[in-house]
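First comes one chain, alone, set out as structure tokens in the form predicted alone.
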């Protein structure tokens, strides 16, 4: 029995109440799940407690605390208490996760049984990972995972990554400012424009600049326009692609967002990407002091703590803002990423005029079991426990954890109303925003999943960081990135990259 069988909050509450004695047995010992109790299933607390891994050691490579690193360690401690296993967790910065696994993989070694990384590593890592056994793939818990995120975890129909997280970028904003009649009147008087949820990046910049550097929420501290991930090698490439999608993902020119699939010419320095980078350089003027060095944790704390008007990365900052104890709980809103009023047409070399919006489905955190691990059964049991109903429901309520919705049952707004105390309108807006990206928007950008992906994204980080620092113009910076991409294509092999890239292009062009 899984929670997906129940779609209404009342029925969920009834299930938990009915299992009260059973749930309390575990929620008393593990307060992390106090709001849900144990949720029955193959990998529940009750089921996991029947495993005996005494005398065995599981070694895990994961991200630094808190994002993903904290839940990894928490669930490792829980798993150890339930099964008797010794679980060693090694934390590393985002920029080191790829090599932390890849270097020993290539040497034929397996110092880690479990490796956390980003889902776009799959093409490079999959030959070194153990396929997820059918008994996990076919369990009800896995069937609740959305089709998109089952695809994220798989390659050519084979699941190599165990789903623990689902990611996308969307707009977060302060409802108490944007919906405030007094501020709407003031903004109109001062600018001649309407204060509303921005639907373009230009509007985003104008509003963020206006609300930058003054105490607009009357808390005695200055607030700022936007919190963004701008730190080199700390996922900044993903922020750049979010800003670029609406300018460069033209639904009338299929065949590639990052490269032209036929020629494999890099598109990263075309006018659409350059326009986006120009906007991003302007954004350095309306982020908090030191914001140009913000990593993901900083962005979560900044928006989630009430310091900025806007943010647009992963769910984490929004969830942090909606946690109990947050000064801005029920004062924030969710909406699709801003778009643009023109999009580059690479086929005729001109701008197509008209509103264009393209969400960036950032697949995000992923995890696999090393093919040479001698503890594969224990490793998969740990991952299944990590993502069980009770842990997942608790984890997605903690912003700093970085565990975001990836199950169909996560799209029910009643969950957030009943268990997390969200305002119903905010919960419905949040659910509608993420389900719209998953199921209804067909002009989308997916992450690059090709051999050498870390080299490509690192080149983007290096080039764009030079533009943000004022060392190069946006065009110069992206010309430099394009030149580096061509070198990477030569090293890795253009045909090898094209073969893998075609898989992503099919998704973006909605080819079944």
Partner chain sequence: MNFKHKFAFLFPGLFVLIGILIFPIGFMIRLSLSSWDTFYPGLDFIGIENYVRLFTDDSRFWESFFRLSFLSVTTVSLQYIIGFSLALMVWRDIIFKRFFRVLFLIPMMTTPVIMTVIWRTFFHESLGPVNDILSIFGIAPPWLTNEHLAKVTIIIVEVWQWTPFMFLLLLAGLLSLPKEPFLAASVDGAGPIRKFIYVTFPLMAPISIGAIIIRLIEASKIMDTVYVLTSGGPGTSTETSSYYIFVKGLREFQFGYSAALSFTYLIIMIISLTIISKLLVKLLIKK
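Residue numbers count along the first chain shown, from 1. Since the model is a prediction, treat every value here as computed from it, not as a measurement. Rigid core: the largest C-alpha set superposing within 1.5 Å between the two forms.
There is also a form predicted in complex with the partner chain; it is not shown, and the following applies to it.
Please pick, from 88, 176, 423, 233, the one residue with any non-hydrogen atom lying within 4.5 angstroms of the partner chain in the predicted complex. So the residue touching the partner chain in the predicted complex, by this definition, is 233.
Exactly one of 79, 237, 170, 294 has a non-hydrogen atom within 4.5 Å of the partner chain in the predicted complex; which residue is it? Here the answer is residue option 294.
Partner contact for residue 486 in the predicted complex: the partner chain, 4.5 angstroms, heavy atom: Residue 486: no contact with the partner chain in the predicted complex.
Would residue 34 count as a contact of the partner chain in the predicted complex, using a 4.5 angstroms cut-off between non-hydrogen atoms? Residue 34 lies outside the contact set for the partner chain.
Contact test in the predicted complex: residue 54 vs the partner chain, heavy atoms, 4.5 Å: It does not: once the partner chain is placed as it appears in the predicted complex, residue 54 has no heavy atom within 4.5 Å of it.
Does the partner chain get within 4.5 angstroms of any non-hydrogen atom of residue 465 in the predicted complex? Residue-level check for residue 465: yes, a contact with the partner chain.
So if I measure heavy atom distances to the partner chain in the predicted complex, which of the stretches 200-208, 90-98, 346-354, 391-399 falls within 4.5 Å? Contact-bearing stretch, as computed: 90-98.
Spell it out for me: taking the partner chain in the predicted complex, does every residue among 124, 290 and 471 have a heavy atom no farther than 4.5 Å from it? All of them do, each having a heavy atom within 4.5 Å of the partner.
Going by the partner chain in the predicted complex, which residues of 424-456 come within 4.5 Å of it through any heavy atom? Read in sequence order, the residues that approach the partner chain (within 4.5 Å, in the predicted complex) are 451, 452, 454, 455.
Classify residue 189 as shifted (yes) or not shifted (no) between the shown form and the other one, where shifted means its C-alpha moves by 2 Å or more with the rigid core superposed. After core superposition, the displacement of the residue 189 C-alpha between the shown form and the other one stays below 2 Å, so no.
Core aligned, does the CA of residue 224 move at least 2 Å between the shown form and the other one? No.
Rigid core superposition, residue 104 Cα moves 2 angstroms or more between the shown form and the other one: Shift of 2 Å or more: yes.
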